[in-house]
Structure formats: C-alpha cells, structure tokens
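Coming up is one lone chain in structure tokens, specifically the form predicted on its own.
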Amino acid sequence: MSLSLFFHLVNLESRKLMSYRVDFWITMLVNLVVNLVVLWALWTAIFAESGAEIVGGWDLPGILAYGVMVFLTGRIVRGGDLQMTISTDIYDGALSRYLLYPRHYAITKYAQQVGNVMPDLFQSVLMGLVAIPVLGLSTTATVTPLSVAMVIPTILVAHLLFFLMSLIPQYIAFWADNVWSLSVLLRFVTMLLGGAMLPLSLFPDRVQEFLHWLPFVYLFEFPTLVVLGKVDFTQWCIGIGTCLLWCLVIGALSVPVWRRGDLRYTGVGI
C-alpha cells in the first residue's frame, strides 16, 4: 500500500469520527470527570487508611496525575471503537470485498484504526495540557519540549503494538463462532499487567521484574511515564526499540494464523 493511500484512509476515518463533534467532546469530558472522581475517592481513601505519604513510590498528587494520564493515553492505545471490526468482517462475510483490493487487509484495518485515534490523540494532548495545571498536578509532571516530542511517537507505537496483539484473537473468528470473550480477556490482561489499572510499582518486586520482560508494560505504563516526564531520552530510545521489536515478533506470529484462516474462509458469513 502506498503512503498516499494509507493517509487517505486515515483521513476518511478521522472525518467519519468528527461527524458528531458535540458527542465527541461531551463523551470525552464526561468520561474524564467520572474517571477523575473515582480516582480521587479511591486513592484518597487508600492513603488515609494506610497513613503513609508514599505508596508504591507515589504520593497522592503523583498517583492522581498517573491515573489521569493513563486514562488519556490508554484510550488512544486501545484504538477507539474499531476493536472488533476484523472478527465482524469475518462473521458477516464483509471480508470478501477486502480480499479483492490490491492491498493487505491488516494494513487497511490499521490505517482505519489510526484514522480513528487521530482525533482522540489531539483531544487527549489538549486535555492533558489543561488538566495538569488546572488540577495542581504540575509538581508531579515535568513537561519539557523533549518530553512533548517523545509523547506522540510513544503512544502511536504503543497503539501499533496493541493492534497487532488484537489480531490473533480476532483471526480465531475463522474457526470459532464468537471471539468477543477473547478480546475482552485481552483487554483485561493488558490493562492489568500493562499498568492501566494501577502502577506496576505497586506489584511485588519479583512480579515487577517479570512484567518488565513482557510487552504489556509498553502499552500503558511506559507512555504514561513519558507523558509525566519520568523517562529520559536514553530510556525512551531503549523502550521504543523494545516495543518495536515486540511489534515485529507479534506481527510475525499473526501471519501464519491469517494464512490458515484465509484458506478456511468461505465468504458467506455466519
């Protein structure tokens, strides 16, 4: 697929998402406020009950900043509302028309995913820049031109990794009648082990060492720490390189699954 066609698909998907601008902004604001209220109530109670000023290496403003930023980055990494489109195409028989196109199906779907998250990316960056000073969290976040420059590629690479990880569960639709539970399981596991539900520093030391060998940390915790300015340039280069390596490995694993499933596909839907 040529770059011009790829960006054309990105542009089309972004335009579709922005067709309902009021809903787009209201949904974001409501979700952010609800998430912030829950975070504040939960962690205020935890710190009050423990009587400690530091929990897992975080003070209260710091962990609130982490929660807000992981919410903003996580919605981009997960890819919006297109998480089940591949399995749906297989079930409905809509995959047939994509097989006739002179471009790879997975790349087409990735272009649509990128187009779906581009407005979210702009919205989340804007909300992040507003939320940190308004909520008084600037003491826990070090925002510099370098950290800002590192944020967007970090989130986009994390999104690519999540997209590739979701391919195999959805390709199982070639053989199974319903893969929705697999996608839900993937989302839960990645959020728990990737630091979306709580910082990985709250896990036992041995578990932390094990988790840092897995790709999940690069989905949520690593981009969030980059946003908060807690990752220097050397660490960022190592993290991005490792994340891209995981993308290559997981992408390579999905290829034989696609080929076997493509041979089985009948094109009549379910």
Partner chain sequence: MTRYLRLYLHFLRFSFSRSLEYRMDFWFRIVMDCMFYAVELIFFTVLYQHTDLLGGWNYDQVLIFVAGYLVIDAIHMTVFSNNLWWLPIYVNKGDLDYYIVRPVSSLFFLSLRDFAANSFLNLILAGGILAWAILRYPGELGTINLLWFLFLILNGNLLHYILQMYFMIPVFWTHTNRGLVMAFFSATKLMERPDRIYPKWTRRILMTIFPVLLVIALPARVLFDGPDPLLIAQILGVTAIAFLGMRAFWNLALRNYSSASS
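From a predicted model like this one, the values you see are computed outputs, not experimental measurements. Numbering follows the first chain given and starts at 1. For the two forms, the rigid core is made up of the largest set of C-alpha atoms that agree within 1.5 Å on superposition.
There is another form of this protein, the form predicted in complex with its partner chain, and it is not shown here; the text below is about that form.
Although the partner is absent here, S50 lies within 4.5 Å of its partner chain in the model of the complex, judged by heavy atoms. Residue contact check for L198: one or more of its heavy atoms lie within 4.5 Å of its partner chain in the model of the complex. Residue contact check for N35: one or more of its heavy atoms lie within 4.5 Å of its partner chain in the model of the complex. Under a 4.5 angstroms non-hydrogen atom cutoff, its partner chain in the model of the complex has N31 among its neighbouring residues. In terms of contact with its partner chain in the model of the complex, the residue from I238, L244, L214, L202 that brings a heavy atom within 4.5 Å is L202.
For the candidate set A94, L126, L185, I107, a heavy atom within 4.5 Å of its partner chain in the model of the complex is found for exactly one residue, namely L185.
Contact with its partner chain in the model of the complex, judged as any non-hydrogen atom within 4.5 angstroms, is confined among 145-153, 175-183, 95-103, 160-168 to 175-183. Along 35-58, residues N35, V37, V38, W40, A41, L42, W43, A45, I46, E49, S50, V55, G56 each place a heavy atom within 4.5 Å of its partner chain in the model of the complex. Fitting the two forms on the rigid core leaves the C-alpha of Q123 displaced by at least 2 angstroms between the shown form and the other one.
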